[in-house]
Each structure stands twice: as structure tokens, then as C-alpha cells.
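Okay, so we've got a single protein chain in two different forms coming up as C-alpha cells, structure 1 first and structure 2 after it.
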Structure 1
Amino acid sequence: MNPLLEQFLSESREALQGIGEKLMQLEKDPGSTLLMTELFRIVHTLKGNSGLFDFPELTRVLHAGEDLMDAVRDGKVDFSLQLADLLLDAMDFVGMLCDEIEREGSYGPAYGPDSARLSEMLRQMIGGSDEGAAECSAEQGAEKEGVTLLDLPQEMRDAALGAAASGAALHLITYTPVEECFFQGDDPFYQARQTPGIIFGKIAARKEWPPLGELDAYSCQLDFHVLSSAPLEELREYYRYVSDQLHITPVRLLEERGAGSAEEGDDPLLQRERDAASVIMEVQKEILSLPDDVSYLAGRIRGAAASLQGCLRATGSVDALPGLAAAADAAVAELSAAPLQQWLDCHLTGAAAMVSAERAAAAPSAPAADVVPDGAPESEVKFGRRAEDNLTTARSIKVDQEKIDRLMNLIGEMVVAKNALPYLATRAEALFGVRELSREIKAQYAVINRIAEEMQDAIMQVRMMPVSFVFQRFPRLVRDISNKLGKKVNLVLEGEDTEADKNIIESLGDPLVHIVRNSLDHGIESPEVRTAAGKVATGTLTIRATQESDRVIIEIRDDGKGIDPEVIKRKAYEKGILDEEQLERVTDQEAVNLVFAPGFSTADAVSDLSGRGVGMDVVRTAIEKVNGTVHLESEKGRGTRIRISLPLSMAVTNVMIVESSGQIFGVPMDAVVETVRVPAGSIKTIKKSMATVLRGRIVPLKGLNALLGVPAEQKRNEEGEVAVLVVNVGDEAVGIIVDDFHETVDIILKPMTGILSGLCAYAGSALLGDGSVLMVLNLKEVV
């Protein structure tokens, strides 16, 4: 099942639940417009969502429900218990379809009539007693009654008669397309022409045609009448998308006209036909009573039987057909007309009685058709799954994020707390000298460690979200913006199912929008400029997400005009971001990355879209907040590529512990490049600042004590070497001199709160396994 459908089902279930609740509340407080509006909104959303899928039956019911809610909201219809019941029924029906979709991926074709009936009933509630309701109830009546050949238009009758003679069941389809159907891509004429089992079709204008000058060619004014011999189910299936614009009425040949007309007996044609049939029957009787001694007796019996059969069909006494066939077979087998004769005698005497009985039976139902229903729903249509019925259990649950966060914190603490066990094992051995116990503790630690890691993994899975969550807004965004700018852009999204932690994904939203806007505004040129530059008129914007080990990489690439490093340099100089000396030194690659500098914006005019001067530095800040990095590459005239690298999850941070002046500090492992011991002799002092050469590269050195304002020298080891932790700060490698290195640990980084939050030198603190507090350095601030 595709994720969209899954999402739809889960949302629908929620919406249905909501509708149920709101209806209950409304019953207590029928006057509440707030509840009503809320209810309308839910139904409206649900309907809108269902329109994405190919579930016409479902959408139709919801649509009718929405219209009804709208009428109630506008005060045209009063809220009543009946109305609530009907809506609940409708929602049960929708729920039932949802269940089936969840099980089977779709639902069977059998729901068409139910859906039509439900929506009809909902619409009747809106209409109350106005003409619309009267009209449709009359038509409904017709549907029950059926029409006879006589009710058909003259030209159809001839065609129908031919088909009916072969005994096929006929249906008259009255298809009244909605006026705007042409705009929905329908061709009702084609639909009508392709009707299965079509015998005859006719098109009629709905009203007198206006003069040609006033005619709206695209407002459908046609009604279609189609006579078909296809089975009812097939017709319903064929027309299922327009079943609300459709009436299918069974066509019977002659009998069972409205009781009124039969009683009056003044229909000459009907009476004549009946008479003719009985004459034919009488003739057959005479034929059968002829002497049996002819060689063609079998043929004669068969002939008579066929004539009788025709009469029976024509008068609609289909029930008698098997009896006739049996009698005919017996007669042929015995080579005597007697069995058929006997049957005919029985039938002729019985027929008169039967006809009156039929009329009597038909009589009560006929007047019912004329009564306008008073809005009471037909009680037999129930999709009732009341509270006591078994509800299918939902496969996904929705949980408040706070609860997940709490669980994650707890698991995180567990991960850290387990680190106490190795300490304990060491103590057991070193302090108390019980090796055996120490080993057992270590074994237990291994078990707990495994479980804790799995728990951590599991909670990560829960928090994981695909980047499509952020990506899905881009097709629309790109379309709107490019239209506004008069540019042609083809958006390519790749790797939408790449997953990352919810917080990370959410933090990605705004920066990405910003970058995309920038690309569209400044990057991709207008079609004319592109064509002039020898490029295809349509620009391409690619957003790709990939996973690289424990990081998510988002790449936004356009094939626009790129960034001119010279322009950037000049701007940066003008804005005082670069001084003259730096201006000389800066490489093109470094220059283009200056767009991320605070206060830098290349747009000369402030446009509605981008260029408010809060440009890319906001992007960088937002990304760095979640420990991400952003990097830009651009080639003038060829395009720009922005690479955002984000951690998969932020819950547990891997830090390296370093020691300086008797204290321990944490340094995020993401930033650590290497740890080296540098002989004191290799440290050069250039203009008061220290530096050393590592593998042919100059690395500036800074003492941690000095950085933190601690008045102490950094310790050296016995060989006179200093411990240097090489870290990446921004794009630069910096060596931090510390006293000693310790192990790396997984910690839960707690941001500084309260009065401590003002200390920007620290990213946060964490509890270590032995209960001590570790301060984690914020390198960007410290260095």
C-alpha cells in the first residue's frame, strides 16, 4: 500500500472519530456554531482527501455529507437527532469502506447502490420539502416501479421491442451530466455511446437552445437516454463515477403499469395487447386440439409452445415459462399434444385470477411513490457498527511528541547509566580484590549494553521521519514562485524516503525554503536569458537527500547563472565583511561561501521573495543549531550547488573527554579531526600566536587554559610533548592544547538552563557514569 494511502486511512480514521465526537457533543448542544463549523471542517477535509484517490463511492457520500453540514451551518436546515443518526450512518459506511481498503487495498464494486442511496438520503435532508426532494423522490419511485415499453419514447420502443423479444432484461438509463462536466474532462456523449449492451440511445436538449450568440458551448445542456440490455451491475459499474447524475430504470414490457391506469382500463393499447395475447393463446389451444396423427406433430407442438412462450413473455408472466417448457418437452416425448393442452387449460383459467392478484399486490406500492417523504430516512439502510461492535484495531497510533521525548530521555539516561557498571567492575577488582565479581558485572554490563543499544535504536526509529515530509511542499512552492517570476523550472526531487530524526527534519524546513527561493530568484534565469546563453529554456532544480554513514546530506543544485565570486568579493568589501588584505587572499571558493556571512545579501532590490538582507546567514545559523554544516559551490554561468550535512539524530552525542588543569571537558567527536602529541620544540610562535606544522599544513595552536581564562600552563608529558586536539571549527582546522586525552563516551547533552544559559562557552552538560558532571565545550564560541 502506498504511503499516501496509508496516511489517508490513518487520517480518515481520526477524522471519523472526530466527527463522531462532534456529533455527540452537538446532540447535547445543538445550537453551537463553533461545534458545527468544526464538524464541517472535518468532513470537508476528509472529502478533500478522499478525492485524491479513486474511491468515487466514498467521495460521493462525503460530498453529500459536506453539503448537508454546510446547509446546517448556514442555518438552512436544523440540526436534529435524525440528522445526526444519518450522518453517523454515513460515517460508518465510510469507515467500513476504509476498513476494506486497508485490508484489500480497495473495495468491492458492490457499494455503489448503498453509496448512492446514502448520499441521496443526505441530500434529501438538505432539500427538506422543496422541489428538489420532491423531484428526486418521484424519480426514486420510478426506479422502484420501473417503466414499461409504453413509457419509452416512440423511437426507442421499436428498438426495445426487438431486443425484448429475445427475453433480455432491459434498462433505461437517464444520464443527466452536470453542466460543468466538460471541464472535468468528461465526454458524456462518449460515455453514453460506450454503454455496455446498448440497444438504442437518444440525446435531448435540456431546454430550448438559446440563439447561437448566447450559447455557452462548454456548459452541458444535454440529457442522454440509453436503452441497454446489459445487467444492472454492469451498468452501475460502468457509470459508477457519475452515478449521482444517473437514473437506471428497469424496463418491463407490458404488465404492471401503475395500478391506477390498469383499474381505469382505459388504455386501449394495453387492453388490446392483452386481448391479442389471449386470442393467440386460444388459437394455440385450437391447434393443439387438432388430431395428433400427422407426421409433423413434433414440429407443430414445438411451434405452439414457441407461440405460447412469446405470449407469456409479452404479458410478463415469466413465472409460467418453466411449466410451459416442461409441458412442451413432455408433449414432444409422448408424441401427443395432451400434456401441453392440459397446461394451457390450467394456465388460461388461472391467468385471469393471477392478473387480478398481481394488481392487488401492486396497488399498495403505487400510491407510496406519490408521497413526498417527510425527510425520514429509509430505515433499512444501516451500516451500523455501533460502539459494541468489534472495531478493527488501528495499525498505527498517534502519540504526543512529549511522550516520545520523555521516553527518549529515559532511554538516553539508561545508555549513560549503564556506563557506571564498568567503573563498578574496576572498583570491585581494584578496591575489594574480587575478580570473580568483577567479571560477572562485566558480563551483566554486556547484556544491559546490548539491550540499551537496541532500545536506543528503537526509539530512534520511532522518531525517524522521511525527508519527504519537508520535500512535499516544494513542487507547489516552485510552481508558484517560478510562475510569479516568469521562469520555467523543472523540479527534481530525489531520495525522498531518506530518514532522519524528527527534530532534524523539522529544522530543515525553513532553511530549505530559503535556499530554494534564492535559487529561483537569483539562480535560475528567465527563459529568454537562458536561451540566449545557449541553455535549455527550462531550468532544473534538483533537491536530493542521501545518507552518508551517520549523516544526512541534502544537496540543492540548480543550473542557473551561478555566483560570480568577483561580485561577492566586492560586496563583501563594501559591507565591511572583508578588509583589503583579505580581499587579496580570499579564493573564489571561499568567496562564494561569504554569502553565508551575517548581513550579506546580494540582491540589489528587496523583492517579495528573497533578499531582505536576512539571507543565507539565517540558513547557516538554523542548520548549525542542529549540528549541521552547509557548504556552497558555484560555477559562474553553470549553476550553484549547496550541500547541507546533518546528523541523523541528536539524542545521543559522542564526545571525547579531555583534561585541562585538573578538570575534564567534553569535545563533540564530530569536530575532532585527530589527537597528536607535539614536541614543544615544534611549536613556533608567529606574532604572539602559536602554530605548528602538521603534515605540511600550518595549524594554529591555542591553549585550552588560555581560552577559558584559567591562569595555568598546559602540562607536558615526560617526553616534553604537549597534547594537541585538532578540531574543525567552521572550515578551519585548529589545534587545542590540553593536558591529557581520555576516552570517548556517549552522553545525553543537556543544554544549559537558567543562569548558566548565559555561558556560551559550553554547549551543555552531561552526567557521566560515575556520577560526575561533564561540561561540553562549544568550540565555535571558545576558539
Structure 2
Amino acid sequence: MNPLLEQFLSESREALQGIGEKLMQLEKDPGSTLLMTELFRIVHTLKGNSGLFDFPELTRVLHAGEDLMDAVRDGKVDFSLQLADLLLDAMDFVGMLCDEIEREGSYGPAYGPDSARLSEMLRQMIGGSDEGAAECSAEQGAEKEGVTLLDLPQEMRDAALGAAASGAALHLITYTPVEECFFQGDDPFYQARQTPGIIFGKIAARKEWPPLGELDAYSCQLDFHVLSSAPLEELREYYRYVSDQLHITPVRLLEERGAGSAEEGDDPLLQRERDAASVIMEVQKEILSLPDDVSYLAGRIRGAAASLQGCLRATGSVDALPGLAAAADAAVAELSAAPLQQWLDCHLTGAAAMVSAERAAAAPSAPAADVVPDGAPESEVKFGRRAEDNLTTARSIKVDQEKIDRLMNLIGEMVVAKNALPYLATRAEALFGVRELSREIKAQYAVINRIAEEMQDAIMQVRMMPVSFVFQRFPRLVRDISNKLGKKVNLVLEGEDTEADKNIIESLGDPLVHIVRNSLDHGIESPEVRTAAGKVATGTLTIRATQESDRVIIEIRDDGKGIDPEVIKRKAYEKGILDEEQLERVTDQEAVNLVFAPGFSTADAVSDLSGRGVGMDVVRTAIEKVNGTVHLESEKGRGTRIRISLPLSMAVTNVMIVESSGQIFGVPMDAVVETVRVPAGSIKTIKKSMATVLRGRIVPLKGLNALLGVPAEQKRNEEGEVAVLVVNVGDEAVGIIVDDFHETVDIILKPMTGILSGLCAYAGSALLGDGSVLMVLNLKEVV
């Protein structure tokens, strides 16, 4: 895929998203001229850009959409929900074509009927279908009727004679660009000059030129007349973007008639055709009179015979054909033009005088300039753009994501490399006793550390994207689903400028879609139910994004019916997720959290929106995959709130190093609550499980050696205390007993690969500054 096409697809995505947003806003404010103007501008720009590529189906739909927007903007058509639906369907079609272009580089011809149907539906909204059909019918009628060569101006007729001698079909093209064509990115002169098979062209003023002071240089007042020998289909394909400004008429050398009609000598049209045939025969006579001492004499004779044969058939003199064929055969056999010349003398009538009269009568009828069909310099190729367009300096550039990822990986390596300097300083002082060198290394480490942190922050900023990248899809989603369900929903988006790493933002898409669909399907009630419950008929769905420290918080709240814990418990019991004992023990909050259980659903029937019991399970899995957490709160009759917490970035992970049984392990700082030293006497055993009381709450304790299957007791310090690392696992705080704590470091966490990927106890590994490998614990699996 070439860079230009990639840029087009990228801009098309933004434009389609913008069109959807404007349509959503127009539904709320249909009288806004500003919104309609902006919408028209986006559609117009997208259509113009599509003209750079050979995607006629895509351009046709955009063109029809642009016309409809123009009609709405001018007040000819009222904006309505039906119109918005149709435009959204059209933009969905364009988006689908863009998807296929992105995958395959182009799209197949199967989209032609859909494109035509959508274009027709759009034009029907402005009442243009009948007009278009009439124009089409008129054009087809004109093509069927056609004109003869004698109807053409003399200079065009001469050029056509030579081309027609080879048997090519001729077409007269009348191209009438719209006056504002320059503002649509068209270049009619270039378009006409590049007509396939062009043999003659002329530009004519549409009306008398005004005084120079009143001339509007940006209004096209020219008509283009082109004679072409290209097939009709090729011409239609070439002019497919301006088909409504075109008139193609087939040109016949002579009117074909039967033998009987040749006797209608009083027909003025037939008389002119006979005169033209006489001209052609006279030309053949001149050709046959040339010297015979050439190697291609046989070809010359056959060519002249073919031309004479065509004249006889066109004028209905088919009886003379056998004599012509015999004379031609004799001439070829004798390698002499004399036999054919003698036959021609017998049939030729005074056509030479007609030729002179015709040429003398021909004269130009309007200010005109010949079109040179070829030989144009390469620099004049403008691809339909106006020469006066000024190129502006771009204020931003688009960079391939792979390049940013490479920079991110490099800065990650630099972070690891600079961590080696403190080890070097320690060795320099401890092993070699050069304290001064150790001090200088530490000083240089401080400088490099500052630069590395600034570089890391700068690259992180490049990767940061606003959550609006995800949020922008929801106005359309909420609108469509609420209409489908017959509900009224007011969507409120807040904090769209909140930024996070690109990978984090992209990972939000599917989970949020699942949550919003569930809120609309199960949460917010229908207007009748809400009114009966004393609520306003229109429900409110709020999606809010905020940043808290180094986390992004996404909150989805609705004021629907909420989740009934008793219904959840009953469903869980029916599905075998809970037994009778658990059913009695489970709290309301624990029951609500069962919606995240795989296969759990309260829906009685499966629909295209929900009911399969995979949505919320997928949500939790997708969020935990990027080190995020999800928390659900619901109150029956009041609504539901889902809070998603995600890291700002996944590129660099801050971990605490702990030691156990002579090995070091990493624990993500996101999960660490605190580190404490607990006297051994404060550890109690409850049902074979250890626990202690920290700040008035019971914290279960687990030894890291026991969790990893290491047959060793956890070490105590000289005061008989054990080191306890309190971490959050899900919604619970758990104390992990380790031998000792070490420092926290920034690492580049690499996932486990190969056979090691089966070790679910580890989230990954990292390389430390001294070259050792640090295994990072996966607390959810270990605890």
C-alpha cells in the first residue's frame, strides 16, 4: 500500500468519525447551521480526497451524500431522523470499503449494486432520482440516435476520416463542467485533454465573455468538445466521476441503409452521404494512382479495396461488390493497381468538386482553441487539483507506530543499562578501593538518570492518546441500541481529554462496548417502566475518565434498575455456580460480583445484544490483561456503577524486589499496600491458616516459600520478626511473608515465552542492572 493511500485511509477514518458525531449533534439541534456546514465540509473533503484513487463506488456514495447535505444546508430538504439514518448507513458502507481497502489494497466489483442503491436512496431524499433518470434517458436516447460525420465541423470531420478508416467507432463527447468545478477539485481542461482515443478537441465559450473587470476567474464558463475513437465503455469509465456533466454521442461515417432506400434521391441526408462516399472514393483513386514500385503494394491495394467496399455498403450499392472483389483480386495477382483503378473509374462520380465546396464552407462558430491530445509536459500533471492551491506547512506529522515502539524499546534498554552504573560504582569502591572513581560514576549516573527519565517521559507523551479515541464511538452505539430497544437514553461523556498510553486506550474499546451494551439492555428501563417507578422517562448513562496518580480511572454509571443480589444468587444456584451452603454465606456484594463469572447471565433468552454470559467475563479478562482492575457497585432501583482502573503505561513497570530462600523476586508496586515487620508472636493460626491483625483488621498471611513450593521456612530477623508484604489481590488485602525487602526498580517486563510461558506463577521476567534475571510474581495466580 502506498503512503498516499495509507494517509487517505487514516484521514477517512477521522472524517467518518466526525460525520457520525455531527449527525448525532444534529439530531439534538437540527436547526444548527454551523453543524450542518461543518458536516457538509467533512463530507465534501472526504469525497474530494477519494477522487485521487480509483474507487468509483466509494466516491459515488460520497457524492450523493454531499449533494444531500448541500440540499439540507440550503434549506431544500429538512433534516430528519430518517435522513440521519440513511447518511449513517452510507458512511458505514464507506467505512466497510475502507476496511477492505486496508486489508486487500482494493475492493471487488461486488459492491457496485450496493453503491448504486445507496446513491439512489440518498438522491431520492432530495428528489433527484427522477431528474437523474431523465438525464440518463435523454443521454441514452441521444446515443441511440447519434450523428453522422457530416454533422461535425469540417476540421473535426477530417480528423475523423483517418481514424475511421481503421474501422474504429467514433464518439463525440460534450463535456460541460459545472461552474464551481474548480472548488470541487476538478480540472476540466486536463480531464478533456486526457480523454482516451482523442483525435480532435475544441474548447468553446459557454456564453459571450464579459468585460475583463467583471470576469470571474473561478467560474468555469467553458464547454469541451472531444472526438474520440475509444470504446464507449472506456469513455464512460474515464468520465465516471463527472458522468452528470457529460453527453456522449456516437458518430457514424454514413447512414447505413438497405439497397431499396438508395433510390430515395430526394432525401437530402442521403445525398450528403453519397457525396461523402464520393470523396472517399476520390481519395482511393489518388492512392491507386501512386507508383507501383513499392514493397507494400499488395497491402495498399487491399486497403483501398476495403475502403471502397465500405462505401458501397454504406450507400446501398451492394450489387457492385462482386465486381470490386474481382478487380481487387486481379490487382493483387498482377501486383498492379491498374485493374482496381479501372473498376473505380467506371463507378466514380464527380466527388472532387464536393470536397472543395465542403472545405470552403466550414468555419468556426465560437471562440475556440484546439486541444493538443498528447505531448503535454510531465510537470503539468495535476491529478485534478487546482494549480492555485497553496500547500501549507503541516503542524503535525504522522509516524508509524512501529517507529514509536522501537524508540520505546530503546529507552527501556537504556533504563536497564543505566541501572548498571550503581553496581559499577559499588564494585569500584569495594573491590578496587577507588572511592573517587566510584563517586564520579555515581555523579554520571545521576546525569544519565535525569536524561533517561526525560527521554522516557517525552516518548511516553508521544504514545499518549486521549480517551476520546474510544469514547467517540459511543454516541452512535448508544443511539442505535436505544432506538432498537425503544428506550430513551441521554449519554454523558466526561474527561475525554484524559490521556493514557496507546495500548491502554486501545485495550479499553471492547470492554467498554460490553459494559455499555449491558447497561442499555439490562440496566436502563423503558420509558414506561421508568415513569411508573417515579423516574424521568429518559435514562442517563455517564462515562467519565479521570487520572489519579499514575492510573486512569474509567467510570460507567447508569441510573437504571440496578442489580438485584437475590436474582443473582438464584441464578447462580440454578446454574450450579453456588451450592446451598455458599448461597447462605455469600454477601450481596459478592453476589453482584458473580456477573463476572464465566458463563453467568441473568437473561432468560439470548439476543444479539446480550444473554450469552460472556460479556462481563471478557471485560474482566481484558482489563486484567493490561494490569487493570474492575470494580462493580450496584443498588437495586438506583443504578449501577463500574469503575475501571488502568495503568497510564505498560512500557516500564515499577517493582519491589523481595528476597525469599536466597532468591529475589519482583512484585508490581501497583499491588503493594505496605511493608511491615510482624513479631512472630502476633501471628495466629485460624483453621490452619495464618493471620495477623494490622491496624484493627485481620490480614491473612501466606509464606512465599510455601506458595512457590520451596521446602524452607521463612527467615526472621534478630528481633524475631518476619517481613510481611501486604498486597491487594482482587478486593482483598493479603500479607505475603518473605525473608527480606530490597529496593524498588523500574524494569522492562518481558513476557514468558516458550515452555516457560506455562509458568502462570510469573507475570514475566526482567534484566537487572548487574545482569541478573528478575522473575516478577503474578500475585493473582500465586496467592
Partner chain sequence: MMGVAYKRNSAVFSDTVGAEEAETLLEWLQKHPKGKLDLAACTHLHAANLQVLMAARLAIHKYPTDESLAAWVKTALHTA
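If you superpose the two forms and keep the largest set of C-alpha atoms that fall within 1.5 Å, you have the rigid core. FYI, numbering is relative to structure 1, first residue = 1. Predicted, not measured: the structure shown is a model, and the values here were computed from it.
- Only structure 2 comes from the form predicted on its own.
- R570 shows a C-alpha shift of 2 Å or greater between structure 1 and structure 2 [criterion: core-superposed Cα displacement of 2 Å].
- A displacement of less than 2 angstroms separates the C-alpha positions of D746 between structure 1 and structure 2, with the rigid core held in common.
- Comparing the forms between structure 1 and structure 2 on their rigid core, the Cα displacement of V283 reaches 2 Å or more.
- On rigid-core superposition between structure 1 and structure 2, the C-alpha of E581 is found to move 4.2 angstrom.
- Superposed on the rigid core, the forms differ at E334: its CA is offset by 96.1 Å between structure 1 and structure 2.
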